[in-house]
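Shown next as structure tokens: one chain only, the form predicted on its own.
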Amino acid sequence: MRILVTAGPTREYLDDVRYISNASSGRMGYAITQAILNAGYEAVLVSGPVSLAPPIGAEFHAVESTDQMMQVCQELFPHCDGVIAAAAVCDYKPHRRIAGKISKTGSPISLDMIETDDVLAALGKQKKSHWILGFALEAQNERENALQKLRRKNCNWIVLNRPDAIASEKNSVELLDETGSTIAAWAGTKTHVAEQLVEWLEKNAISTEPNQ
């Protein structure tokens, strides 16, 4: 069994020195990767820039931008049995990256932003015999928004968590299926949550049959 995991933030550059990103630490994705390895499966980790060392034994791919994460994941996914998408991918990027460094002028500036490509939705379109587990970090209309993401991105399940999980050692999550029902819930350290999640996948998703 070979499982793809995405982790950490992505960065979208305004100019050659400044970028838009978020405070994701990557801890959840890295803990999931370690739990997969501990369970005896192959783990393929695609990570944005974080301060964590990749778990020993994982196949590791470092990326920075959303486009890079998209390209690497699309190349790897057909050779995996499933994906756990825990990365906090930037939703927007500047319409145009400025060469060099934007200088102060003493006046306000405005930026035109466009949506980034949706990595998880792209993998959902590639799905054949794979299974897909996404993450939804929501602050308003939590369950409704998470369920919309699950359906829009062709996920089998989605983990609902909240903004207080960002850069935290702990997490409290609910696992939703396509009906919107909570089929599992876990709380504690991210290591504990990751172990419980992988244990659930072993019982409900992970087959001993190789991916075709």
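All residue numbers refer to positions in the sequence shown, first residue = 1. These figures come from a predicted structure and were not determined experimentally.
Separately, the form predicted in complex with a small molecule exists; it is not shown, and the next lines address it.
Only one of 144 to 152, 51 to 59, 29 to 37, 182 to 190 places residue heavy atoms within 4.5 angstroms of the small molecule in the model of the complex, namely 144 to 152. In the model of the complex, the small molecule lies within 4.5 Å of some heavy atom of residue 116. Though the partner is left out of this view, residue 90 does reach within 4.5 Å of the small molecule in the model of the complex, counting heavy atoms only. The closest heavy atom approach of residue 131 to the small molecule in the model of the complex falls outside 4.5 Å. In the model of the complex, at least one heavy atom of residue 136 sits within 4.5 Å of a heavy atom of the small molecule.
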